[in-house]
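A lone chain, given as structure tokens: the form predicted on its own.
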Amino acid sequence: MYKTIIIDGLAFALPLLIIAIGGIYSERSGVTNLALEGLLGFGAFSGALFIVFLGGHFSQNSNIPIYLSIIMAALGGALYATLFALLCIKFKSNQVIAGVVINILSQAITTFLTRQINQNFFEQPSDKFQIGVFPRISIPVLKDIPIIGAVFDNFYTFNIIIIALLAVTWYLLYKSAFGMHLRACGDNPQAVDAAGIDVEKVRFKAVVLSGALSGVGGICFAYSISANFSPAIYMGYGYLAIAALIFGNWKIMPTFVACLIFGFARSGGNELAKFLQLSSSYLDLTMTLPYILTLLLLIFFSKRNRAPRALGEIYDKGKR
């Protein structure tokens, strides 16, 4: 049982993590990002659309289209995040309202397009795209290690991609000049502007990058939750990612820990329900465990949170 809890927990926690990191990039730059739900959904739709139309041009056993779909999901998420960035940064819209609108619009557009494409191109009255199964691998010797060996046994290969992105995004945020400018924009944008750096440009890049990372997480969720893409499968995961980054105090590694907690709570509850042979209604109830845990963690740890000082503030060059 514990192996399944670890394998399934990581399959949920790591896509959630990369979405949360996208949120960290946006919010550390000063842009409140409630649009993660919409960004991950539109990104996943873009990756699934690639599979549906171009996946058949590759050999039947090829995994190339699956990996290319991750790139397309990142591009789709980045493109959709550009709209969010224009609203918040260029047109200086209220960031909370813009995020909610982006989420609603994404749900409506992807649902409508999925149905129309299935009906007009494949003559199927469905709101789902069949995207196939993501490859899994096991690492010999390591998978036989007691307990922790489950991490290396029968895991999705997108876990490796996300861990690599974790390392790159951590370095970019904390060790690069761009990351320093980005964090400064979220704390003291006037000082950044005085140093000759374009605050709006830095924030724009951060929001677009958050869309790309959210798209990657979205398509990985689609592969791990089912072999289909549907706008209805995400169940508030974008908002859960926001809770994770808040619990992680807008820092990458503590957010990683939060995502692991949520992931293992979900997989552990699922396995417990199966072990007790509970009905499907109770199985659905266990899916709420990450959200219940979110509420408890925020109650006990919210006082310790320190959001970026300029988070949510529309930058005004005349303000000193």
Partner chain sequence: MPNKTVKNKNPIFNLLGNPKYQFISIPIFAVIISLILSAIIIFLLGQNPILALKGLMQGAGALPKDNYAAYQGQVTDFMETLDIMTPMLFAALAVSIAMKGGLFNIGVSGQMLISGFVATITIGYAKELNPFISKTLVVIIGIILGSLVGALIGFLKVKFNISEVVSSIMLNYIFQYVISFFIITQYVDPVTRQSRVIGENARLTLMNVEIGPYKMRIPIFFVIAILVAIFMHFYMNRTDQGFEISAIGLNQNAALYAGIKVNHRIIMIMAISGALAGLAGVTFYLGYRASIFPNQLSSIGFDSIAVSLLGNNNPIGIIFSSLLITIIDRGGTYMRSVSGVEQEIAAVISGIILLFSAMSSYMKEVFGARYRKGGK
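Note that this is a predicted model, so its numbers are computed, not measured. Residue numbers count along the first chain shown, from 1.
Keep in mind that the form predicted in complex with its partner chain is not shown, yet the notes after this line are about it.
Though the partner is left out of this view, Y234 does reach within 4.5 Å of its partner chain in the model of the complex, counting heavy atoms only.
At least one heavy atom of V100 is located within 4.5 Å of its partner chain in the model of the complex. Taking non-hydrogen atoms only, N63 never approaches its partner chain to within 4.5 angstroms in the model of the complex. In the model of the complex, its partner chain sits beyond 4.5 Å of every heavy atom of Q130.
Look at 143-151, 113-121, 205-213, 222-230: in the model of the complex, residues with non-hydrogen atoms within 4.5 angstroms of its partner chain sit in 113-121. Out of the listed residues L54, L276, M253, L295, L295 is the one that sits within 4.5 Å of its partner chain in the model of the complex by at least one heavy atom. When its partner chain is considered in the model of the complex, only one residue from I70, L49, L34, A265 comes within 4.5 Å through any heavy atom, namely L34. Taking its partner chain as positioned in the model of the complex, the residues of 72-88 that bring a heavy atom within 4.5 Å of it are, in sequence order, L83, L87.
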